[in-house]
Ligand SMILES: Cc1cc2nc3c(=O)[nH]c(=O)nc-3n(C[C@H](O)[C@H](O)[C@H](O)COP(=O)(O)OP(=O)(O)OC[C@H]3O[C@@H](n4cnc5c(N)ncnc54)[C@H](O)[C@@H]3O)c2cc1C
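Single chain ahead, by itself, as structure tokens, in the form predicted alone.
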């Protein structure tokens, strides 16, 4: 019987398990996971911190998912891969494989900031253990400084607001969610949330002096708890050390194969094919990780499967404000404001490159379908495409498939 070894306990790992088992039942699967807990949904940690869900609900298939699937687990850090002997080493033990998946994901980026060692309560916010440690340090009535206004930092702010009186978010970027918004959309998000959190944008952090942040402008911000949310970096070392092709992330083909035989990779650690810009890049998206893992699993088990196209996507709700975006914000811009809703569409060469929706996101699936499939919009009115219900650009059968019966066709 083939031996399948999966490194990492992420959503890509789940996809691989499901992919393998869809081809071969009763497979010999071993998961080696340095994060010493069962498979859980990382995006839910902010909801647990915010008390919108309980800790046990983070295990979205239950804490016994691996057991139910007949998967063996090793809660240890994989230290090396020997591609000749086809073994993975973890805490001095060799685990043989016939097919291997590397789904090591990312880890928080913590730059060497002067004075950081002197901060008494400091955290990152990426894993369940991060969330539990942060929650233990939060005291009612305190003040939290979050450095980083990206999605991780913003979701953390939503969670910690349940505990403290004041939340400050600082970033060198000129707007919140800089990777998922444009200047116009970012300004709307900032304005909507400025009564809830205190933004310090276009602010370069210089150093810490105890529990005080000092910025390049000379401004000082005191705090009780610090959260560093400055992005993540893919954990590529295991494959880089054995000569796999690695750029910013691990390079894989459409079958999720690396440049080394019998070794696959999926999730945040890989570079995916981005459909709009038509290049390989880190996308680090939850659905992509699952689909990439499932594709890898099927191929590991001997079935031909490909995962070809992907696009940058973000969908979140922050303090009641829904923000949805996809694709690239390049080309001709068309904007529509409907009450408190803001919508922007970016088109080029008769196709949609990207969009941003603040508020109602009902059309997000339709617009994403146009981007992903490079579907031409013809002479369709762009404002109508953003705001209306006229989808005659679709042939009738495709309209039905795309809308799922939500609108009359």
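Just so it is clear, the structure is predicted and the values come from calculations on it, not from any experiment. Numbering follows the first chain given and starts at 1.
The same protein also exists as the form predicted in complex with the named molecule; that form is not shown, yet it is the one meant from here on.
*Asks:* Is residue 12 close to the named molecule in the model of the complex, meaning a heavy atom pair under 4.5 Å apart or at it?
*Replies:* Contact with the named molecule, yes.
*Asks:* Using the partner position in the model of the complex, report whether residue 297 sits within 4.5 Å of the named molecule, counting heavy atoms only.
*Replies:* Contact check for residue 297: no, nothing within 4.5 Å of the named molecule in the model of the complex.
*Asks:* State yes or no: in the model of the complex, is some non-hydrogen atom of residue 210 no more than 4.5 angstroms from a non-hydrogen atom of the named molecule?
*Replies:* Looking in the model of the complex, residue contacts with the named molecule do not include residue 210, since no heavy atom lies within 4.5 Å.
*Asks:* Please check if residue 289 has a heavy atom lying within 4.5 Å of any heavy atom of the named molecule in the model of the complex.
*Replies:* It does: once the named molecule is placed as it appears in the model of the complex, residue 289 has a heavy atom within 4.5 Å of it.
*Asks:* Whether 78, 126 and 266 jointly form a contact site for the named molecule in the model of the complex is the question; each needs a heavy atom within 4.5 Å.
*Replies:* Checking in the model of the complex: 78, 126 and 266 are all within 4.5 Å of the named molecule.
*Asks:* 221, 230, 301, 151: which sits within 4.5 Å of the named molecule in the model of the complex by any heavy atom?
*Replies:* The residue from 221, 230, 301, 151 that makes the contact is 151.
*Asks:* Among 48, 371, 344, 33, which has any heavy atom within 4.5 Å of the named molecule in the model of the complex?
*Replies:* Only one option qualifies, and that one is 33.
*Asks:* Just to confirm the contact call: exactly one of 163-171, 178-186, 251-259, 69-77 touches the named molecule in the model of the complex at a 4.5 Å heavy atom cutoff, so which is it?
*Replies:* Heavy-atom contact with the partner occurs in 69-77.
*Asks:* Could you run down 100-114 and flag each residue that has a heavy atom within 4.5 Å of the named molecule in the model of the complex?
*Replies:* 103, 104, 105, 106 sit within 4.5 Å of the partner.
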